[in-house]
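Take a look at this single chain in C-alpha cells; it is the form predicted alone.
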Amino acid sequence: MTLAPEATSADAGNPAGPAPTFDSIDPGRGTVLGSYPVASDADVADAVARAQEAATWWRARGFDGRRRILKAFKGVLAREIEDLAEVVHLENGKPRSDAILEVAIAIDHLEWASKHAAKVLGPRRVPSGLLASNQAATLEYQPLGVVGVIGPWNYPVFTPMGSIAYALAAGNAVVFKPSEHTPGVGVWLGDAWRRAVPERPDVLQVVTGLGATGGALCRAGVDKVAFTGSAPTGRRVMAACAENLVPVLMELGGKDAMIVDDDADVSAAVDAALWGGMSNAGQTCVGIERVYATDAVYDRFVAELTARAAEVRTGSGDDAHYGPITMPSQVGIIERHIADAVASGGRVLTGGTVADGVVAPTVMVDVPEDSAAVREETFGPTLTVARVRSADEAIERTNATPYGLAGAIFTRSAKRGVALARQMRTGMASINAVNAFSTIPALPFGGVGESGFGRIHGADGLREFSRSKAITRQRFALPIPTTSFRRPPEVTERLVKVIRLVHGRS
C-alpha cells in the first residue's frame, strides 16, 4: 500500500512552487510509502495565522457546540478505525491489532474530553472569604487560542490526540506537526477533521516536515506547545519557545520499573512485564524496562519470564506480537545498551540479537545499576531483572534515575501496593497491571524530572490547555471602606483585632 497524502497546510499559497519533500518509509520492508512536503517557516506561519482566525469561531461555539462537532470527528475516526490503523501499521511497524487498540483508546479520550469540558472548565462560584464577604467570586477557564502539537512516532495517534482532543475540547485551534517517521498518520487525522467539519477545516491543521518545521511552529505565534519526544529534543523545543515566552508541555522519556513483591502473582507479573517491556517493540515511554524482584520470587520470575520471552513472535507478519524498530538509528542505541550490560558483568538469558531491524525479545540479569541498560532509556524490547532483598530496596533503586514517568507494582496486598505506588517518584503507577492509567481518560498523564512536566488527559489535561480567569463582582458596598484612601484610622485597629481573634489562637 502506498500512502497518497492529501494536500496539507504546507501546500497552500506557496508562490515559489512545490515545497521540498521527504519520504515516509515502511520500517518492516524499507519501501517508500509516500512523499510529504517540508513546510517552510512561512508555511507554518500561514497555518498559525489561519488557526488564529479559526480559533475565534471555535471558541464562539461554546461547550455544547464544540461537543457536537467533536462527536462528528469522533464518528469519522470510529467508522474508519481500520483504515487509520492500517496507516499506523505501515508507518510505525506495529501489528494491526495493536494499532486498532491505540486508535480505540484515543477515541475514548476524545469522547471524555468533549463530554467533561463544560463541567471542568465552565464558570463556578468559589468562596469569597472573610475580608471579601461583599464580593461574589467566580472562576472559569478560557481557551489559550492556538496550540501547537509536536507528536511522536511510537504512538502516532494516541499520544498526540492526548493533546489535540483536550486542546480542542477546551476551545483552542490546533496546528499539529506529526513525526517525520509517521507523517501519513498526521495527514490522515487532518483529512478526517476536514471531512467531519468542512465548514471550518482550519480549526485543526497539519503541517509536515522535519525538525526545523517543529522549530518554526514554536516561533510562529502559537499560545502553547505540547511536545512529546526525547529529553534532548525537548530542551531544544523549550529553547525555541523561550524566545517568545511560549509555555510548553513536555511529555518526555522514561525508564519505568516494575516491582515484584514477595506475595506477587508471579505468572501475572511475567505476563505484564512481557507486554509492558516488549509490546510495540519496547518503543513505549511508559513501557517497563527494569524489573526488581524480591528474593522470594526472583528465581521463579526469571525462569518463567525467559521461557515466555522465547515464545514472543516478531516481524512484520500478521501473527507477529511486535514488529521492527521504527527509527533505524534507535537500533544502535539498543545494541549499545546490551553490549554495555554484558561488558559490565550482565548476562543475556534470551535474545540480544538484531535481524532486519527487528530486535529479539531480550532478558538480561546481573546487570549493574550504573550500566547504560539500567540508567538510560533503551526504547527497545529489552528487560533487565535484578534481585532485591525487599520491595523497599526496589523503591530505592526505582527512584535512583533522573526519570520519573510511570511504574508498576505486583503484590496481593492492596494496602501494600498503594503504599509502594505512592513512594515511586513517578507521575503514574499501576498495581497488578501495566499502563492501566493510559486507558482511563479521567486520570492525568505525565511525569517528573527528565520525564517532563505538565499533564495531558483528565481534568488536568483540559486545564493544561486553558487559562484560569478570576472574576469578582461587588454585591454590596461595605459600610466602612477598607481599600480607599478615605479609610479612617480606626478601621486598621479593628482589622488587627479581627485577625488576632480569628487567626491568632494556636
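Since the model is a prediction, treat every value here as computed from it, not as a measurement. Residue positions are given as counts along the sequence shown, with the first one as 1.
Missing here is the form predicted in complex with nicotinamide-adenine-dinucleotide; even so, the following discussion is about that form.
- Heavy atoms within 4.5 Å of nicotinamide-adenine-dinucleotide in the predicted bound form belong, among the stretches 340-348, 247-255, 360-368, 93-101, to residues of 247-255.
- The closest non-hydrogen atom of residue 58 lies beyond 4.5 Å of nicotinamide-adenine-dinucleotide in the predicted bound form.
- Proximity of residue 227 to nicotinamide-adenine-dinucleotide in the predicted bound form falls within the 4.5 Å heavy atom cutoff.
- Interface residue remark: residue 153 is counted as part of the site for nicotinamide-adenine-dinucleotide in the predicted bound form, having a heavy atom within 4.5 Å.
- Residue contact check for residue 385: none of its heavy atoms lie within 4.5 Å of nicotinamide-adenine-dinucleotide in the predicted bound form.
- This chain lacks the partner; the member of 316, 401, 233, 430 within 4.5 angstroms of nicotinamide-adenine-dinucleotide in the predicted bound form by a non-hydrogen atom is 233.
- The single contact residue among 301, 73, 322, 379, judged by any heavy atom lying within 4.5 Å of nicotinamide-adenine-dinucleotide in the predicted bound form, is 379.
- Interface residues of 384-422, taken as those with a heavy atom within 4.5 Å of nicotinamide-adenine-dinucleotide in the predicted bound form (partner not displayed), are limited to 405.
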